[in-house]
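Below sits a lone chain in structure tokens, taken as the form predicted on its own.
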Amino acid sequence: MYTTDLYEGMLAETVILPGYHADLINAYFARPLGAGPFPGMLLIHHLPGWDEWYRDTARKFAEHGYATLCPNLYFRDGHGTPEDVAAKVRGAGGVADDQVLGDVAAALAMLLALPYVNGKAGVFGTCSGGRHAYLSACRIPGFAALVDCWGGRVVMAPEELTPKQPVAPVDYTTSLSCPVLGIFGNDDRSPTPQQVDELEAALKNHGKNYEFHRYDGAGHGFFYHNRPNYRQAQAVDGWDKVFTFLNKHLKGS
């Protein structure tokens, strides 16, 4: 619990790490100052790119006591404004799941190797990052908690599968080995409430530990305080759910 006499400090910077196929990519890293040990968090950015909201969110997690790493999944596609790079990636059909998994696995290994991390790490993502977070928690061993915020295309129809996204993440649910927190808006169209129902049914059928929170009056991206789709009351409650969940699973003994 914070009291006004506490000292606080934070380090936040851009770092380089070896990702998929040992390609060097950049990442944003934020952590509290001090010896720790701190739990780790890996943030997977959304389709609009490795942008200010994700750097700001990395610092938010650090402020809450998490050593936080957010790799730039679009590094290989060149540089410019996040909007310009994201448009280029979108035009090319997105990033292949295998490449994302390679970058995320490398980032997780780097995070868990840090001497001030307590050996536990969670994964968080919104939008396409929610999809990739779910996929990563199913395919990559080592995560202790998953937060999927309105991840679209976790549930996919056969006609939506592509060479870059050959399997719907929901089909890997049997391999999921950590608790799941799902945050969704009932006005969202990706995922729709029906797709959230299908995802919940899969988690239930496989006996997974999960909790879902669905918000009326909220659509896609309602945490984004810098966008018109921001919904203050729902976002405040959602963030409270996120940190309650992570504190339970990553800070406990």
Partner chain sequence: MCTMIAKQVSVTGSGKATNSWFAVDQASVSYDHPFDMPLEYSLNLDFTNQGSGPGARVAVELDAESARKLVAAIQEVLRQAEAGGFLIRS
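Positions refer to the first chain, counted from 1. Since the structure is predicted, the reported quantities are computational estimates derived from the model, not experimental observations.
Another form, the form predicted together with the partner chain, is not on view; read the next lines as being about it.
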| item | value |
| --- | --- |
| Contact test in the predicted complex: residue 94 vs the partner chain, heavy atoms, 4.5 Å | yes |
| Contact flag, residue 171 vs the partner chain in the predicted complex, heavy atom cut 4.5 Å | no |
| Residue 144 within 4.5 Å of the partner chain in the predicted complex, heavy atoms | no |
| 4.5 Å heavy atom contact, residue 85 and the partner chain in the predicted complex | yes |
| Joint contact, 39, 117 and 249 to the partner chain in the predicted complex, by non-hydrogen atom at 4.5 Å | no |
| Segment assignment from 121 to 129, 135 to 143, 171 to 179, 105 to 113: heavy atom within 4.5 Å of the partner chain in the predicted complex | 121 to 129 |
| Heavy atom within 4.5 Å of the partner chain in the predicted complex - residue from 225, 204, 213, 189 | 189 |
| Sequence-ordered residues of 18 to 49 touching the partner chain in the predicted complex, heavy atom within 4.5 Å | 47, 48 |
